[in-house]
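Take a look at this single chain in structure tokens; it is the form predicted alone.
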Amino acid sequence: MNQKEKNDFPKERILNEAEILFAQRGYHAVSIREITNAAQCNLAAVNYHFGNKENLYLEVFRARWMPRARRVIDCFDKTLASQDSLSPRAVIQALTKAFLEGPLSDEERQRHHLLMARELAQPTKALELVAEQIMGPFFQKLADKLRVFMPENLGEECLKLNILSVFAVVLYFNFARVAVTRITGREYDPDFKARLMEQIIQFSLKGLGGSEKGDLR
């Protein structure tokens, strides 16, 4: 069943329109009536499929946000697996590629980031869900792959902050594309994405220990 056929079902239409509205305005600013009007269905359909607004919001994350996040993580895993050897450069390159050149369309990317930005601004149970099932495991994966290259006296907190710093740079260049384009005058074409990937890698390696070598210690 393709997406167009799925959209013929009230549940799918409700999820699609709810995600758009939640991404645009946040959970608290959107009413069920606005969602049902956009989805061209009645309140009974929301009650039947989701029970209430909170359940609908959580289902948007389960059925829309989290599958997209897993696609990005799968891209990271495949890119890293294709490298000849494991190194900090290989890990950062795979992470950058997954976001800048990854599997999400422009529409999916914008909706994905806006939805999370709203959630981070006013956290709900959705953040707990995402942290437990997506953020936590992926962060642990990054930590496990990079820890072996870090100085032996580097504490766990510093390792986490280093990884968060790398992640923040990647997310910024992925989300703030309009701002980056206006400042640099460059569109996000393949050449500029490659340039950005190398910039992020070099910048991150400096922060992790200032080495191109596999071992930063």
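Rigid core here is just the name for the largest C-alpha set that superposes within 1.5 Å across the two forms. We number the residues from 1 along the sequence you see. Computed from a predicted structure; not experimentally measured.
Another form, the form predicted in complex with the DNA, is not on view; read the next lines as being about it.
H49 is the sole member of K160, R62, H49, R186 with a non-hydrogen atom lying within 4.5 angstroms of the DNA in the model of the complex. Listed residues L43, V178, V148, L164 were compared with the DNA in the model of the complex; L43 is the one with a heavy atom within 4.5 Å. Contact check at 4.5 Å (heavy atoms) against the DNA in the model of the complex: all three of P10, V30 and R33 pass.
Looking at 170-178, 149-157, 49-57, 65-73, the stretch with residues near the DNA in the model of the complex, meaning non-hydrogen atoms within 4.5 angstroms, turns out to be 49-57. For I32, a C-alpha deviation of 2 angstroms or more is recorded between the shown form and the other one after rigid-core alignment.
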